[in-house]
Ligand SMILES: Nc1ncnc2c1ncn2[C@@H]1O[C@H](COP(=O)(O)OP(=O)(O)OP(=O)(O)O)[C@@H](O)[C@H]1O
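Shown below, as structure tokens, is a lone chain in the form predicted alone; questions about how it binds or moves come after it.
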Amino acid sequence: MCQLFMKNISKSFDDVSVLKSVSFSVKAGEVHALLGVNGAGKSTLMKILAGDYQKDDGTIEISGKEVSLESPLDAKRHGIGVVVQEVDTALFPTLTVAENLAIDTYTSTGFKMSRVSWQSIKKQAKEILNDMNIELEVNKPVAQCSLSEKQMILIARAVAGNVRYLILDEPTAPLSEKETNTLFEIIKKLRDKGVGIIYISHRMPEIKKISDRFTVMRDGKLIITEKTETASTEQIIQQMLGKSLQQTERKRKVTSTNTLFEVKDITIPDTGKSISLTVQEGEIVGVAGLVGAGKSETARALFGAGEAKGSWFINGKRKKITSPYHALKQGLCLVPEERRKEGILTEHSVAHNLSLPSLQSFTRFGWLQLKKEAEYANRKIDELGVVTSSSTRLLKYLSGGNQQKVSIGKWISPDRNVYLFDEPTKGIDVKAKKEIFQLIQSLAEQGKGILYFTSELEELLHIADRILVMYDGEFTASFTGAEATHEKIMQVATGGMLSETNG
């Protein structure tokens, strides 16, 4: 039987070993789910298979023959296709659907413009889409396509390149239930044609429904490979978490009974779901959700980004929040997940970043008072523990942890009372994480209300007073810090029912 086999793959970055002699295979005509919590090594293993990373050790075989995958082009030539989670990064928005479908063919072989037959390109695109039962106008610019349509384009492009093995990374994250069912039909059709599919997802109902086998990775190692039908959801989750994981002990603190922040029936435009929640004075409320659960979309909507509808209350008084400007005026602030893209100005100094939200305090007659700004920045640097040679140093030269301290610290002021943190420890080291935790806890001790959105369950068990679990854009369970365990949160976060967690 034809199969792709990765044997004893190892990979390290600097002195950190992220893959430890991992062996993984996918057969022609099967769906093999690759599972593991964040940091398990799934992405690194797949990047090696896709030609993005080079392995340190081990071999890759296709149909019994060893192959070398030195680049993404090598991977494509061996029939390996990838549908990435961030579909926009893999498509050309100004080109049409047909042009995007054809792009791999022409870029891999080289071409002259005089030899391009646009009629042939459109005809081939229509045939591919029709064969996959995808209804999409081939002349439509990709910029005008929905996320689900873009994903279908990527799958169709892989098929156009005669894909033999297809990697799907969290493919249903942006999809509705109807779109998910359409995707599953396409996957089944590809499987029937002999395509081997590697399916990466955190959603247990999907894994049970679509996959033939599953492999669990943990801490850079392969833990188990088994037929999906022989394992229960609880057993799979236990393998992902590890038997040695215990609930983190933390000191419980008494929070106020005064409701600081409340939202009622807020409709989130990007998820189409409605949510309600409360945050007490001095309370840290964790929002747990896996990739694609809708955490970031919810955080942005609560901050007034988009066109969310519903009711906001601060200290019991209803507030009108239709934009981030209104949110800031009412004492709300958001520390976004993509700090370098949305949270900080990397080409500006530490001082400019720290003073930006309060710029009016440092200007006179339209002129920035640099001395006053520098004094303020130096105080903030000391308070936050930012490691920098000077307040004038460009932020891009600071470590990720210090950049995040600035991203948080710029908002800290007496008139800001509600803080929304979206994956605040993403991409920072253990020491910096501890310092960020201390900073957030100090805000809570000052009576601030905290909403902490993350897929890192260990963090919530350490820091949160109460945990709301999000699945598919909705809150499906709530636990106090004392009640919460990895198993309970993971069960609900992967689509299990709350009753199952209490059973």
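Residue indices: 1-based, along the sequence shown. It should be emphasised that the depicted structure is a prediction, and the values quoted were computed from it without experimental measurement.
Not pictured, yet referred to below: the form predicted together with this ligand.
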*asked:* On the criterion of a non-hydrogen atom at 4.5 angstroms or closer, are T271, F313 and Y471 all touching this ligand in the model of the complex?
replied: no
*Interface segment, criterion being heavy atoms within 4.5 Å of this ligand in the model of the complex, picked from 183-191, 366-374, 392-400, 222-230*: 392-400
*So in the model of the complex, does any heavy atom of A40 sit within 4.5 Å of this ligand?*
yes
_Contact flag, E170 vs this ligand in the model of the complex, heavy atom cut 4.5 Å_ = yes
*Give a yes or no for K410: in the model of the complex, does one of its heavy atoms lie within 4.5 Å of a heavy atom belonging to this ligand?*
no
_If we define contact as a non-hydrogen atom of the residue within 4.5 angstroms of the partner, is Q85 a contact of this ligand in the model of the complex?_
yes
_Heavy atom within 4.5 Å of this ligand in the model of the complex: which residues of 49-66 meet that condition, in order?_
Y53
